[in-house]
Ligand code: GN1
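Before any questions on how it binds or moves, here is one chain, the form predicted on its own, in structure tokens.
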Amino acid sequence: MLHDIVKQFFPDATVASIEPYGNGHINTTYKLALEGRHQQYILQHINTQVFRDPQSIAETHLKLQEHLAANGQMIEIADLIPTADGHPLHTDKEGAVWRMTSFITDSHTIEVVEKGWQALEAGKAFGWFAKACSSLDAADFPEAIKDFHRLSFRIGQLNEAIAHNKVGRYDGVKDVIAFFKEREGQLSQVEAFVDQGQIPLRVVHNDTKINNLLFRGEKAVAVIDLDTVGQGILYFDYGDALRTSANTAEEDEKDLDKVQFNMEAFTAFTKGYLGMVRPILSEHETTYFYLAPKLMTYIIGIRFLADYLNGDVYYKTKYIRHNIDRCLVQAKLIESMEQHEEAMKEIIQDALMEVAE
């Protein structure tokens, strides 16, 4: 079957090899080599249960591809390869949707930030992406997953889960709920600023895990996994990158003493990211950047909490308290951020001043 799909993109080519690739949890990915060609490719089956409008995703990719090619690329993105009849996607007889992109050679991913240069390079790469997209009109880029990072939507989901208490878990997590409710007002201010137009909507990546970058040696060379690119704010990318890369423990670590906010990683990423985006920042954006890691950690924390209250219907779990363990890690990370808040503000200000000088 895979060979038949390949023929839709390369009707005259012969497959040399095609094998599963990567460790993504949403789309199914294969690495493709063709006889007589040095260039290799990535073939993906798009999960339309998650990405319900794959055509829109393809159109976003093509807009980015055209825009970046016209403006020069410090960092690569993969090229979308059209089908033989010129379409960006192929839908097979069963209704499955397929995409072909170029493979970025001689590159590798990093799963965990272990050294300062990794955080610095990640900051530069994701900051470059934001700056490169800053001249695009966010209104032309729909959200790939509606309200994905919208705090009020996630709070609404949590409130609904609390009200329904479907599986009777509420009494066991009252203190956890109280922890997040205490911080709801402060973080909701960020969304208010966005709705008032004081913090601008931009074209952002929306999924800035370190493994969505490709490296050669000690340099980040490509931004990948563009399916979530769309409207958002810079805080989404900056904050989520730090939520994942500056956590000293696993996302479901049971020993909360191991969970800390890594200030070395924070400092390096901040220097790299703000060094890129400073020329495009508004005054309100610079003022509240310190809240971005806390905001994104809060959002994923209440998503884990709501899913636990609902009976673990969204996230895959390995044991009964898996989601609440994940939630508690996010809560501990928030506490660590709060302990470092003044230092975070100073580091952000220093990074902005360093760029401005």
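For every residue, the number given is its place in the sequence shown, counted from 1. Each form is matched to the other, and the largest set of C-alpha atoms that superpose within 1.5 Å is called the rigid core. Since we're looking at a predicted model, the values are computed, not measured.
This next part talks about the form predicted together with the ligand, which is not shown.
Contact between Ser245 and the ligand in the predicted bound form at 4.5 Å, heavy atoms?
Although the ligand is absent here, Ser245 would stay clear of it in the predicted bound form, with no heavy atoms inside 4.5 Å.
With a 4.5 Å heavy atom cut-off, would you call Leu32 a contact of the ligand in the predicted bound form?
No, no contact at 4.5 Å.
Taking heavy atoms and a 4.5 Å cut-off, does Tyr314 contact the ligand in the predicted bound form?
Yes, Tyr314 is a contact residue.
I'd like to know if Val50 sits close to the ligand in the predicted bound form, meaning any non-hydrogen atom pair within 4.5 angstroms.
Because a heavy atom of Val50 falls inside 4.5 Å of the ligand in the predicted bound form, the answer is yes.
By the heavy atom within 4.5 Å rule, which residue out of Asn262, Asn212, Gln231, Gln118 makes contact with the ligand in the predicted bound form?
Contact residue from the list: Asn212.
Which one of Glu143, Glu191, Glu184, Glu251 is close to the ligand in the predicted bound form, taking close to mean a heavy atom within 4.5 Å?
Partner contact (heavy atom, 4.5 Å) among the options: Glu251.
Do all of Glu76, Gly217 and Tyr273 end up near the ligand in the predicted bound form, with near meaning a heavy atom within 4.5 Å?
Per the other structure, none of Glu76, Gly217 and Tyr273 touch the ligand.
Which of these stretches, 86-94, 220-228, 273-281, 127-135, has heavy atoms within 4.5 Å of the ligand in the predicted bound form?
After filtering at 4.5 Å, what remains is 220-228.
Of 284-320, which residues get within 4.5 Å of the ligand in the predicted bound form if you count heavy atoms?
Stretch hits, in order: Ile300, Arg303, Phe304, Tyr314, Tyr315.
Once everything's superposed on the core, is His322 shifted 2 Å or more at the Cα between this form and the one not shown?
Comparing the forms between this form and the one not shown, which are aligned on their rigid core, His322 does shift its C-alpha by 2 Å or more.
With both forms fitted on the core, check whether the Cα of Arg303 differs by 2 Å or more between this form and the one not shown.
The answer is yes; the displacement is at least 2 Å.
Superposing on the rigid core, is the CA of Thr244 displaced by 2 Å or more between this form and the one not shown?
It does shift by 2 Å or more.
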